[in-house]
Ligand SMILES: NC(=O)c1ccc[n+]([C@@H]2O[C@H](COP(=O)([O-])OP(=O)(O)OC[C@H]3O[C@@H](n4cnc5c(N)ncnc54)[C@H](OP(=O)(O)O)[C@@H]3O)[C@@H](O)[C@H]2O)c1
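Next up: a single chain in structure tokens, the form predicted alone.
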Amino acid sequence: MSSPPDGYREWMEDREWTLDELAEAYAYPDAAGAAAAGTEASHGWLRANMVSSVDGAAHHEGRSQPLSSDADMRIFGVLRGLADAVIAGAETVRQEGYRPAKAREAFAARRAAAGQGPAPAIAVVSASLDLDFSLPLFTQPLVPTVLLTGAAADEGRVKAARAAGAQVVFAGEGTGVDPARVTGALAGLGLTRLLTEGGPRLLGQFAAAGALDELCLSLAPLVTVGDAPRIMNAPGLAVPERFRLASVLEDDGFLFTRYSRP
């Protein structure tokens, strides 16, 4: 994908990409699969998937959907179909109305061959555990929802989460979560192919902690103006970190880019 052949742009515009083509284009590095199989040191590969308007807005009126497109949603589904776990901040879960990930027949054989469950787990980062445990995310998941919180989290909320069927994982010494410890904590559950969908604050924390391995950024040909946050919203790095461009796809003016650590 990084060295497209002649006519590559026309190929993309003439027909819809198949799920297999997209799955190959967005395949996780071999190291992530090896770690999941226990053949290498336990670690995960953390990939982010975000959408932005051309003027830098991460959402419009509080939601990312107005910036999306059919091709963006298709890639969104593929990225979920390849992941062991989808990580999201508690506020994003509330605003976007997160539900359990569904099993998709198109990915069943691929997931089985990789030793994955029928669908990715949803992993929610929350210091307070202030979540409604009666929602489908906790009552109807194919695989248990994971809650990442601090070791000093409120015991009552921890008990309530576990009673609702959630798997509580401590990834921080205090009440909050240490973003640098998230991939290791999930790898301890055998979840190494990781996908985060934000929001901007959580993604900024991952990037600032040096925990982000790859960024899949959909650039929408839209201008929103307003004061919406960027895709990352956290204290700045002292020195900007360089990522390399791994691939670019285009559809109807939308650019689907993928950047990774050198």
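Start at 1 and count along the sequence shown; that's the residue number. Since this is a predicted model, take the numbers as computed values, not measurements.
Below: the form predicted in complex with the ligand, not depicted.
Engineer: Given that the partner is absent here, does Val177 sit within 4.5 Å of the ligand in the predicted complex, heavy atoms only?
Structural biologist: So Val177 counts as contacting the ligand.
Engineer: Tell me, yes or no, whether Ala211 is in contact with the ligand in the predicted complex, where a contact means a heavy atom of each within 4.5 Å.
Structural biologist: Heavy-atom contact with the ligand at 4.5 Å: absent for Ala211.
Engineer: Indicate whether His59 is a 4.5 Å heavy atom neighbour of the ligand in the predicted complex.
Structural biologist: Output for His59 is yes: heavy atoms within 4.5 Å of the ligand.
Engineer: Please run the contact check for Gly198 against the ligand in the predicted complex: heavy atoms, 4.5 angstroms, yes or no?
Structural biologist: It does: once the ligand is placed as it appears in the predicted complex, Gly198 has a heavy atom within 4.5 Å of it.
Engineer: Counting any non-hydrogen atom inside 4.5 Å, which residue from Ala127, Ala164, Val143, Val158 sits next to the ligand in the predicted complex?
Structural biologist: That would be Ala127.
Engineer: Which pick from Arg110, Arg104, Arg94, Arg181 sits with a heavy atom within 4.5 Å of the ligand in the predicted complex?
Structural biologist: Spelling it out, the residue with a heavy atom inside the cut-off is Arg94.
Engineer: Which of these stretches, 111 to 119, 127 to 135, 77 to 85, 186 to 194, has heavy atoms within 4.5 Å of the ligand in the predicted complex?
Structural biologist: Heavy-atom contact with the partner occurs in 127 to 135.
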